[in-house]
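Below sits a lone chain in structure tokens, taken as the form predicted alone.
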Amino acid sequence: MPVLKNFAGRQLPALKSVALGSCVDRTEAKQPERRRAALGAESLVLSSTTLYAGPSPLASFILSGLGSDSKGHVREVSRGTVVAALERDIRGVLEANKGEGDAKMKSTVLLAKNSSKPTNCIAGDVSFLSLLVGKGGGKESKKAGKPFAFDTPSPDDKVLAAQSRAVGSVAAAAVPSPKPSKPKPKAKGVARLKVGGDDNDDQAVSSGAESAEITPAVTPKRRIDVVAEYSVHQKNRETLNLVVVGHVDAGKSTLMGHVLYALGQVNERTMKKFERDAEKIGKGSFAFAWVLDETDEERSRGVTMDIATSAFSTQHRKFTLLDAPGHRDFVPNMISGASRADVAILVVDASTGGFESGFDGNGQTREHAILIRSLGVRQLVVAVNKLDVVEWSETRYLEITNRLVDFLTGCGYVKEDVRFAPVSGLKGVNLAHRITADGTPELASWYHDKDSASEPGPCLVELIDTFAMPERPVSKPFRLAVTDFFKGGTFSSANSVSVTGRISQGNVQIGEHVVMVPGGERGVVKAIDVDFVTEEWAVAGDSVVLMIQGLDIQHISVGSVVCTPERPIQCTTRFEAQLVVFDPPVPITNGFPGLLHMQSLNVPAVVSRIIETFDQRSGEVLKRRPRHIRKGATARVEIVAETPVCLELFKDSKELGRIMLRKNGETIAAGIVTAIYGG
């Protein structure tokens, strides 16, 4: 069968050439180019004998949408509807009459090839025309069809009318019912456009579908009662934010990387790749640390520099893991991560001299323990790591635990909330599974369960699985302190930005309006990701990524707070705080400069005025307007920040009401906000 092409050179179905009669030989075609272009872009070229095909009356009817009704009047019909209806009928008829249609096709093409005069390929063959546009199949389809009467509404008219009725019914609804509405009945099938056939034909054809389903105007999405939903699904959404802290080189990243691998969060293939790559640069023992240390600089230096985030689940809890850096140069990053934590793991090095370097002097073991307690962390598990280096010595283990118990209880921890576990992060001992007498006999000989002396003690994962869930303030005004932001997201657009952080209080859902403070820019939440999973809503305690439309990224910074427009957070440069002074190199006096830390924000600030000092336990005022604050004292002071900061009173928000003062790389004091002044 010859191949048919249009003037653009595109191959077309061969059957279309049959519907376009009046074929003429190319040698006799004297029509100007403009004349042939006017015949329509659907004119075809028969490439074998290079015949030009001009539109027959039927083709003109199909392409231009003009035809005569039963009274002889010309009526315009939608071209797309007619062509779609005709093509559908052609496919159906030829499927039922394949053999007969092929024979007629061949005879018609042969007639066109052998003729030296203009030949009407269709009008001269009534049987083939009736086969194409007749109503049925078989012998009855050879009867010439009756002309279609264009005095009834077209399918397009019916669709438009049905859409108008649907839009009108939606606009008429005053208030949507909270109950789920019944589904609207689908529109009836659009009647088939009959090109030929009997009047009693009851088959229906639509433009590419059996029936046209009307979609009403989009109605606003029903607002979710997040508090009620959370109360129902609370057990499935009990997520704890776990920060891992400790002195540099204590093995935090290796320990938690091995935990993730043991829990199945890292597959075998990825782990083998980390091992090969670490061996290439001479750091084979850092393979598990690479699970969390993802940047090239961190891997080459072997030091965690920023907060690494991951997620895992235990038998009763879901955790968002925050791996904090241990080097003193990155304490601000550690504070940023610890400010989002509910519970913590303190990793200490049990090797000879390792524990002492982190605990004595300026080691970060002591500072990190004080910082996380000042940020509100009460529940703590101490992982005594690298105990395999000292042959699982019970004496060394007891020495470390006894010193830490005295120190931690002095920092404000309750003894019952602090638990210890001997582990080896590199070898994976006592991490996700309890030890056995066969596997680690040295440790099994003295590490026993408190309830049963014959059973080995709990592993690290079992201990963190017993953390108690804190109460979430889901009903308070929405607050999210921004820890990072970037362009794009799930539904990225030119004026959208994604912000990350932990929801301090309240709740948020898709479609909700929010405001960014400071700045006052407003936007709409378009997408929510909770622990790398897309959700419709999120509540206090969730670590989220919000994609907000309508915000300018130039007006967002780390430390900004996303909140509800009705009750935005206060933004000020002057406030009053109650401080606990640690061990400053010089006494704190009026005008003492320092670096103010609040969540992920740190700005220069000055202690402008010392109001009074008082006894922390009794609350009794010891001295009003003192000249300085000594080590270990508690005082009420006025602080002035260099730039505006977003704060809440501690009694209203325990997370957004905590601050810290640092100077020269050391933490000077920590405290809570007691009063906020305007400006």
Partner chain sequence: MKLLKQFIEKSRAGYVRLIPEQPEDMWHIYNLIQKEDQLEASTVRGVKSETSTGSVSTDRVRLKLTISIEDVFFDVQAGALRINGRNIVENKFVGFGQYHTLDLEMNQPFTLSKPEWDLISLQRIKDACDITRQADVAAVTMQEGLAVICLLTQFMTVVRQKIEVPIPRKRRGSTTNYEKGVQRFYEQIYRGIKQHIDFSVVKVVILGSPGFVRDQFFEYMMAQATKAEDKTTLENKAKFVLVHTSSGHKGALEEVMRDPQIKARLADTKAAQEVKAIDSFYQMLNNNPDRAFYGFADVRKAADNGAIGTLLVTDELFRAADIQTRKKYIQLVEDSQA
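All of these numbers come straight from a predicted model, not from anything done at the bench. Residue numbers count along the first chain shown, from 1.
The same protein has a further form, the form predicted together with its partner chain, not shown here; the description that follows concerns it.
- Just one of T589, T314, T152, N495 comes within 4.5 Å of its partner chain in the predicted bound form, counting any heavy atom, and that one is T589.
- Proximity to its partner chain in the predicted bound form, taken as a non-hydrogen atom within 4.5 angstroms, holds for one residue of I569, V259, I345, A308, which is A308.
- In plain terms, the part of the chain that comes close to its partner chain in the predicted bound form, with a heavy atom within 4.5 Å, is 293-301 out of 293-301, 512-520, 155-163, 417-425.
- Its partner chain in the predicted bound form is approached by D484, whose closest heavy atom lies within 4.5 angstroms of it.
- D329 belongs to the set of residues with a heavy atom inside 4.5 Å of its partner chain in the predicted bound form.
- At the 4.5 Å threshold, heavy atoms of V603 reach its partner chain in the predicted bound form.
- Among residues of the shown chain, L595 is one whose heavy atoms approach its partner chain to within 4.5 Å in the predicted bound form.
- Along 626-644, a non-hydrogen atom within 4.5 Å of its partner chain in the predicted bound form is carried by R627, H628, R630, E642, in order along the sequence.
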